[in-house]
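Given next, in structure tokens, is a single chain: the form predicted on its own.
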């Protein structure tokens, strides 16, 4: 309880105090009560927080969740039919234990205009793509890397979930003439719903809090603000501009969104428990 109070409750309370103050530094002597001014400034005309920052954050979180969950499901289904599953799962899990800065720099090199990916496209007769330089492709390019780096966790969880699917149900469906696609849609995915739900919600929450990978690959959310997300915007406001008030207010907005989704997760888990 003491650990929870020191490392969770006190930081939240202090962040709340900063969000309601107009001090430019996080010192108690510099704080002046400002009411809801910091929250109002986040959503005022001309503010970039709602668009594109918060919009980018939600797109990034939803996009990486879909890519990771679908990719993890496809990989888990394929691995279930291959020999040496332990080896394949280890290989898939390697990106998870790789330093995120190293991962970001490696993919940044791959995405360069004269990098290997564009060389491959040119070899295939296609034009080069400014993956991180073009505003239209910058955010999706980082989303792909985030999903790739998270795929190993999803594969492990979904592979474990597949082992709980009763074999007799699958065999009975095959005897009744059901094809592989019908078995997947009507039996496997419904029985895999708890694992899919856990993967999707944890990936969504991780996407909402993403910071390091975007910082490494895009250098402050560029080009422009096309890859700027809430966590990065908070860092810039606090440590670059010294505006701790609006940075803390933005943190509370993100906390509210995260708590809402976490409560939705608990509600869905409760419903899942009642259904099963």
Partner chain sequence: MTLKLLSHYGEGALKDELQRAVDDWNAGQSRSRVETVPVRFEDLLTTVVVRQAAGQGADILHLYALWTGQLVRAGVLRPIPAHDVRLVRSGFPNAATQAVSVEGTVFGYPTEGQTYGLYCNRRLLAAAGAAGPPRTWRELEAVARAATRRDHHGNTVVQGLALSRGDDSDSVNQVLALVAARGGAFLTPDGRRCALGSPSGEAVFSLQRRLVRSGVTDPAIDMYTAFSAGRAAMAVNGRWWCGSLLASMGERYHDVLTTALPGGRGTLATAYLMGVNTQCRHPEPAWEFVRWLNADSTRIAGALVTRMSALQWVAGSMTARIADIQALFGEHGDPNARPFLDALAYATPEPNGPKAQQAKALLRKNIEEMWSGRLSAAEAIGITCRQVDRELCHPG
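As the structure is a computational prediction, the values presented were derived from the model and not from experiment. Numbering follows the first chain given and starts at 1.
Form predicted in complex with its partner chain: not shown, discussed below.
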Using the partner position in the predicted complex, report whether residue 90 sits within 4.5 Å of its partner chain, counting heavy atoms only. no
Is the gap between residue 240 and its partner chain in the predicted complex 4.5 Å or less for some heavy atom pair? yes
Quick one: is residue 185 in contact with its partner chain in the predicted complex, heavy atoms, 4.5 Å cut-off? no
Give a yes or no for residue 220: in the predicted complex, does one of its heavy atoms lie within 4.5 Å of a heavy atom belonging to its partner chain? yes
Using a 4.5 Å heavy atom cut-off, indicate which stretch of 185-193, 146-154, 119-127, 73-81 touches its partner chain in the predicted complex. 119-127
Using a 4.5 Å heavy atom cut-off, which residue among 248, 228, 65, 210 comes into contact with its partner chain in the predicted complex? 228
